[in-house]
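So this first bit is one chain, no partners, the form predicted on its own, shown in C-alpha cells.
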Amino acid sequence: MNLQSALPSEIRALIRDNKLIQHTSGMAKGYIQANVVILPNKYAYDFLKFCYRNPKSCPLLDITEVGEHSFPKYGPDADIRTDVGEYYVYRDGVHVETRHDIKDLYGKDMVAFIIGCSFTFEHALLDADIPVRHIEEGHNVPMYITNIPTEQSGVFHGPTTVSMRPMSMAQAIRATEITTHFKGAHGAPLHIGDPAAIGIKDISKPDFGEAVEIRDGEVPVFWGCGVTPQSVCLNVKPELMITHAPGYMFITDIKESELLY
C-alpha cells in the first residue's frame, strides 16, 4: 500500500491490527494528523482551558464524550484506544510504558483530546519545494523542550515544546506565509534562528524524535508542537495521562483544507 495516498481509515485499520507501527509523517496526504492526550475526566476542564490559552502549541480539534472512544467530527468510526501506532503511558508524571493498545486503561471516566499537528502542513511545504528534512532522511521530526512558558490553566503549566525543520532564510519566509494559514496545525513558526534564544542548548540532541542535518546556509525553524502536554505532564504529575508517542499521530477523516483560514 502507498501510505502517502492511503485513506485515513485504511491506515488506522493497519495500525489497529499492529501491521503498521512507525511514525506517520508523510502518510495520508491531504488529511489532518493529530496529537493525542487522554486524561481522567476530573482533569478535562483544566486541560480544555489549557488548550484554549495555548493555541500555538495545543490547537484543539475535537474531544470525545466521557468514556467514549471516537470523535464526533474527526473520527466517528475510529477507536482512540487502538488507532495510534504507539502510546506513552504516564503515571504521576513518569513515563512508565509504551504500548500499542490501551483498551484496558481506557475506563468510563476517560476523555480523549486531539490536537493539531505540524505533519498536516508538511505536504504544503513540499508542494512549494521547501525541504522537510526528516522526511528526506526517513525518520521522526526533532522536537525540543524550550524556555518558553505556557499559560497556566488550573494544574496545567510548564514549558513549550517545539518541532524543528531546517531551511534557507528565503524558504523560512515562504514557509511562514504558508503555515500561517494552518492555525489548526500550529500556524506560523514560533521562532527562526538561534536555538539558544529559546533555551535549546544543543540542536543535535532533541528531547523527542531524531536529529536532522542542518546544511550550510540553513537556519532552524521552530513550530509549536503538540508534544507540549507531555513536557507539561512532568510538572503536573496526574495519576494517569496517556498520549501518542512523539511522531505516531492519530490520522483523522477530515481534509487539511478545512484548517485553512
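These numbers come from a predicted model, not from an experiment. Residue positions are given as counts along the sequence shown, with the first one as 1.
There is another form of the same protein, the form predicted in complex with another copy of the chain; it is not shown, and what comes next is about it.
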(request) Would you kindly say which of E213, D202, E65, D194 lies with a heavy atom within 4.5 Å of another copy of the chain in the predicted bound form? (result) E65
(request) Would you mind picking the one in H95, K183, H139, H100 that has a heavy atom within 4.5 Å of another copy of the chain in the predicted bound form? (result) K183
(message) Quick check for you: of 47-55, 204-212, 26-34, 222-230, which stretch puts a non-hydrogen atom within 4.5 Å of another copy of the chain in the predicted bound form?
(response) 47-55
(request) Give a yes/no on whether P76 approaches another copy of the chain to within 4.5 Å in the predicted bound form, heavy atoms considered. (result) no
(message) My question is simply whether N235 lines the interface with another copy of the chain in the predicted bound form - judged by any non-hydrogen atom within 4.5 Å.
(response) no
(message) Is G107 near another copy of the chain? Define near as a heavy atom within 4.5 Å, in the predicted bound form.
(response) no
(message) Please determine whether I198 contacts another copy of the chain in the predicted bound form, using a 4.5 Å cut-off between heavy atoms.
(response) no
